[in-house]
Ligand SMILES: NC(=O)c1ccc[n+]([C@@H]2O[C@H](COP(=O)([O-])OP(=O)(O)OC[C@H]3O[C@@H](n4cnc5c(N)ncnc54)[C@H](O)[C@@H]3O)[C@@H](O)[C@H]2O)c1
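Just one chain is shown here, as structure tokens, and it is the form predicted alone.
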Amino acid sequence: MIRVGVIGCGKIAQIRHIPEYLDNDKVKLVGLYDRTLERAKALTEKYNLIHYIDYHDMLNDDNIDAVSICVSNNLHAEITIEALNHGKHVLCEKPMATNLEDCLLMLKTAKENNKKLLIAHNQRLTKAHVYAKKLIEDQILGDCLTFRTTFGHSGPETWSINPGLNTWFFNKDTASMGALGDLGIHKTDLINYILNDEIIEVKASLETLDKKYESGEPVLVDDNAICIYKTRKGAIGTMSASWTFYGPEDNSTVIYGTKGIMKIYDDERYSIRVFLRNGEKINFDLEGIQTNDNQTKSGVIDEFVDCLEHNKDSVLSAEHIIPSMKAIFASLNSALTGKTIRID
């Protein structure tokens, strides 16, 4: 039985990590830590768990085999590295870290300690994305020429554990990035994953168009990001991330190939629609995409537990996420300099 603890008891821990650990009979959720003591205390009492007053106590506990790290972005690397050095396997929320050096150090530390490090990129696990990847590998679209992928909703101020205009997502010190790091990393990583390719060139624009603090001043992170990506295999396309979609969420991806077009999660009836060059149309009814208002089981916890139980690689393993983080940091560099950035 794998014994786990959760560090950080905000919204993502409460709707995904904690209930999904409790739902998996291969793992025992031992305890929780949160810097807001009352929050952690209430949850540990609710689920009859250990309340760790300090996360270091959890990392020093030999009864803990693995931890989920669900804290603000700026603490991902620090706590992950410490956990790995204490002999714990780690599942870290996205974005992996706030700079590439930390991402690489996290991966290096995991390898040095012979521990698993997974990053919670749940979009790699959705049924439609997994099936779309297989269809693309089977050449249903021929070669990918272009693509567009989007993730947008009305913003984290309505969703975070402390809703409002002063959410930590708007704090540059804690979040580092805005919509790009919150939503854009998902769709950037999805392009690498679904095309079995790697983004190697970036031209990006990051803007703060509408989000404001309670003072009325614009937030210091981006609320919209638009990136033009070029892949190693020669495909080009756009990735858009937005916190200003004041209506239904958009989590769609469209792939344009030499044999036809594939549309993913852009239709309420079908999760995948394929339109072939010869006029044939194929619809796949697999599942609806998760939204902030419709949270379903992510599969991330089950993937993490299965990876540990069978000591195997995972599509969520950190080494598979590094290329996507390189594209994100290249996008930040491009937006800052106004230049097209080639990823080394």
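Note that residue numbering follows the sequence shown and begins at 1. Predicted model only: the values in this text are computed from it and were never measured.
From this point on, the text means the form predicted together with the ligand, which you will not see here.
Novice: Report yes if all three of 5, 28 and 109 come within 4.5 Å of the ligand in the predicted bound form by some heavy atom, otherwise no.
Specialist: Not a single residue of the candidate spot has a heavy atom within 4.5 Å of the ligand in the predicted bound form.
Novice: So which stretch, 203-211, 124-132, 152-160, 268-276, is the one near the ligand in the predicted bound form (non-hydrogen atoms, 4.5 Å)?
Specialist: One stretch meets the cut-off, namely 152-160.
Novice: Have a look at 316, 32, 301, 70 for me and say which one sits with a heavy atom within 4.5 Å of the ligand in the predicted bound form.
Specialist: By the 4.5 Å heavy-atom cutoff, the listed residue in contact is 70.
Novice: Would residue 327 count as a contact of the ligand in the predicted bound form, using a 4.5 angstroms cut-off between non-hydrogen atoms?
Specialist: No - in the predicted bound form, heavy atoms of residue 327 and the ligand never come within 4.5 Å of each other.
Novice: Consider residue 86 of the chain shown here, and say whether it contacts the ligand in the predicted bound form, taking contact as heavy atoms within 4.5 Å.
Specialist: Contact check for residue 86: no, nothing within 4.5 Å of the ligand in the predicted bound form.
Novice: So in the predicted bound form, is the ligand close enough to residue 75 to count as touching (4.5 Å, heavy atoms)?
Specialist: Taking the distances in the predicted bound form, the answer for residue 75 is yes, it comes within 4.5 Å of the ligand.
Novice: Is it the case that residue 9, even though its partner is missing from this view, gets within 4.5 Å of the ligand in the predicted bound form, heavy atoms only?
Specialist: Although the ligand is absent here, residue 9 would touch it in the predicted bound form, with heavy atoms inside 4.5 Å.
Novice: Judged by heavy atom distances of 4.5 Å or less, which residues of 87-114 approach the ligand in the predicted bound form?
Specialist: Residues within 4.5 Å: 93, 94, 95.
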